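Taking the form predicted alone, here's one chain by itself in structure tokens.
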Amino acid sequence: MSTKTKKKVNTALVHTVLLFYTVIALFPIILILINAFKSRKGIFRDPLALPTEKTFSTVGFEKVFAKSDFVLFFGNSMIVTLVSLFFILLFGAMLAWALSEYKFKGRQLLTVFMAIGIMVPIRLGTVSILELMVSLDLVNTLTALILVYIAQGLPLAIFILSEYMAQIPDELKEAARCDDVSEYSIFFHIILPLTKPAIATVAVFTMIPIWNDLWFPLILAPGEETRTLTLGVQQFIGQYTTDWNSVLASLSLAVLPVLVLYLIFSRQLIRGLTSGAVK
């Protein structure tokens, strides 16, 4: 077997494995989307079948908008996710720049502290977090969720961004300093544009856990006005009966922001993952 043939065979095997994994990863999402447009009988009769003239129905979407404050829940999730993501990226990039560029006392200790933040789940401190929010009178507010999610996302953001910033050539920074450019200008006009792939990676990896979280909204913001989308969907799930049409319709609509985020940052995400793997 020639070298070219071996390369073609290896490439075909890799593509086959990746395609198989893609099908497995996308299968639950496809299943949700298919059944969201089917009647209840159609869902239970054959959940793997595509909607037909007899089984096609949008009753789930009609119930979602008629019997729940879906727009409010969706808006709360968007506010919490976007605000948390903004401050995670901003504060994470600033601290990552400090850890990768400057040498100061306690630098190693701070790095270890951030590593512990990745290893220890924040949910272990739920009781203490709840007590803190009660003392600050922040229960049933979106501010409580935003603060918790910022604390949750910062360690991973700092770890990824600091490793990426450490690879930026020193010549660029020194040339800017020789031109009497301030450290703030170097950070915002040179460092941040060069770290777009890493920022996109952090944005995707940070947004998904926040958007899908049910634990903290249930504990810190269970009020009607502060419910997020994942918590609002629970009203269709009962102890004895579940409105599967509404549940699947809600989940279908909840997937859209994640897909939009991926489409926006897909190129930067792939660049960030591949450059990190090579380095």
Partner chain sequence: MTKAGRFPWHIVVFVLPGFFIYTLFSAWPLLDTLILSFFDQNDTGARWFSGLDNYRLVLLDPDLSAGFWNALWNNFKFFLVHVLVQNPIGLMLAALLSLKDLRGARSYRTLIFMPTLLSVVIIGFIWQLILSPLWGVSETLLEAIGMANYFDAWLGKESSALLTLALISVWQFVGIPMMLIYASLLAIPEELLDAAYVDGASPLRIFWQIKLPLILPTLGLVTILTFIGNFNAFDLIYAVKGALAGPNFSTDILGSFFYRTFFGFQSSLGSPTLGSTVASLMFLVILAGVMVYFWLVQRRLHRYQL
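Since this is a predicted model, take the numbers as computed values, not measurements. Residue numbers count along the first chain shown, from 1. For the two forms, the rigid core is made up of the largest set of C-alpha atoms that agree within 1.5 Å on superposition.
Below, we turn to the form predicted in complex with the partner chain, even though it does not appear here.
- In the predicted bound form, the partner chain sits within 4.5 Å of a heavy atom of K7.
- In the predicted bound form, the partner chain sits within 4.5 Å of a heavy atom of W215.
- With a 4.5 Å cutoff on heavy atoms, N35 counts as touching the partner chain in the predicted bound form.
- Although the partner is absent here, I129 is a contact residue: one of its heavy atoms lies within 4.5 angstroms of the partner chain in the predicted bound form.
- Annotated contacts: F86, P169 and L172 are all free of the partner chain in the predicted bound form [non-hydrogen atom within 4.5 angstroms].
- Of the listed positions (C178, V120, V134, V71), a single one reaches within 4.5 angstroms of the partner chain by any non-hydrogen atom in the predicted bound form, namely V120.
- Heavy atoms closer than or equal to 4.5 Å to the partner chain in the predicted bound form belong, across 44-69, to the residues F44, P47, L48, ordered by sequence position.
- Relative to the superposed core, N35 undergoes a C-alpha shift of no less than 2 Å between the shown form and the other one.
- Comparing the forms between the shown form and the other one, the C-alpha position of G223 differs by less than 2 angstroms, with the core used for superposition.
- Core-superposed comparison between the shown form and the other one: the CA of A254 exceeds or equals a 2 Å shift.
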